[in-house]
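In the block that follows, a single chain appears as structure tokens, in the form predicted on its own.
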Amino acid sequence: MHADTKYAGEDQQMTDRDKAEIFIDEPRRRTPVAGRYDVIVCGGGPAGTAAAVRAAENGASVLLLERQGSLGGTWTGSLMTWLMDVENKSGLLDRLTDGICSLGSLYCRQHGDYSFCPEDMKCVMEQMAVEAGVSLLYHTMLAGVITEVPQGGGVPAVKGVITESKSRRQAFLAPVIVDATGDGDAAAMAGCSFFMGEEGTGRMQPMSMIALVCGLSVRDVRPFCLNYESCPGEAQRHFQELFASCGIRLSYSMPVLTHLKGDLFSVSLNHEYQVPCDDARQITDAVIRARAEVLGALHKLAAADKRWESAIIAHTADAIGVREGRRIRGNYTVTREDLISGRTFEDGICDVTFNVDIHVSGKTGSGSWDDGGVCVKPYQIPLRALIAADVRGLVLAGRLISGDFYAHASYRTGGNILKIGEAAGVLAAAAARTGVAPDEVPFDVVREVLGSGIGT
């Protein structure tokens, strides 16, 4: 059977047994090496951009691979325009804040959190990467990770990546790779072990489709806006009651309306339950359902409530928001017990204050999230949680770091993800520059760059 054999429409018709038994043998190929770098960062979301910028600013030649046409990931492509757990963060977050402020985008700080216009964020993050000397490559899919087992055996080491793009199949080489794909795609391709879902039950947090809406009057919709109510939960409750009064039932019982800029708002009112991050068919089906629900609900609201009759649905997210992906096994796993005890570490790189935020895993009809019974004390993430345990030279950045289900539900917010990315970039640059594995880099080297306010 040839590699280019097509099964038009047959993927839905084949039985599980058929799928298990049909394979193709692809022809061997020689893949051109398109570049050599000190560090390759896979994924241009908040963590990946932070890692790339910090690595470049610390003397590394850096290639940043991104499958979309912009930086920002969850913040821009998925339209998650509300930054949380930012008060105790500095570094790149300050520079991002200044940048979007200069564009008139930083809006309505509430308890230190704030909203922003995603287009402004794209511009600021891209300019930051360019000014740092990062080599950007958009519209490029990660197709594989090159590893090599040392002579005599042992832990495999990364050597580079394989990509697919308009430039066809290419290889890029580097001694250190940062996985900032969100779902741990690079680590999985390299053969790392990982966890997904809640330990023991496998339950996963839902995905969500967010939309941008314009044409609304701030005065008319102010009671529903997350960034105006002193208690954000009250704004969500009022918003849900508005939909209910119009006979509209939502899959997410605590919808969110956020004012971004001028008459531009973001709306989150959808949940897609138990969709795994590694199944393209299920993700596609979730996107189709989610977009239909979002547009349908907003059209019905516009027809039923005069305050919404001029609303224009400007854009639905390019990528559905994923809360639950792979969590890669690292040299340390952050746990529920660490959160409860408020544990600190000698190699702490990020101070987390956010609560455990577990969105319901099924259509319960009541509530939208719970804290899993965990009362969080401020705690730290150690650098060891950013170092892959199974593959040498692989650094982890973002929500895919080594943590359990409950810890992940706390540290996955924007301010923490950016800080984790910074630490990953500093570590990757130091490892590449000195020719050692990431776990051999003295923590004092990372601490010196990130500042004295870590690792107390």
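Predicted model, so just to flag it, every value in this text is computed and none were measured. Numbering starts at 1 and runs along the sequence shown.
The protein also exists as the form predicted in complex with a small molecule; that form is not presented, and the subsequent description refers to it.
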- Message: So, residue 47 and the small molecule: in the model of the complex, are they within 4.5 Å at any heavy atom pair?
- Response: yes
- Do residue 180 and the small molecule come within 4.5 Å of each other in the model of the complex, heavy atoms counted? yes
- Message: Taking the small molecule as it sits in the model of the complex, is residue 323 near enough to touch it, meaning that at least one heavy atom pair lies within 4.5 angstroms?
- Response: yes
- Query: Heavy atoms within 4.5 Å of the small molecule in the model of the complex: does residue 272 have any?
  - Reply: no
- Message: Please identify the residue among 188, 142, 117, 360 with any heavy atom within 4.5 Å of the small molecule in the model of the complex.
- Response: 142
- Message: By the heavy atom within 4.5 Å rule, which residue out of 308, 379, 82, 243 makes contact with the small molecule in the model of the complex?
- Response: 82
- Spot the stretch among 24-32, 383-391, 423-431, 398-406 with residues whose non-hydrogen atoms come within 4.5 Å of the small molecule in the model of the complex. 398-406
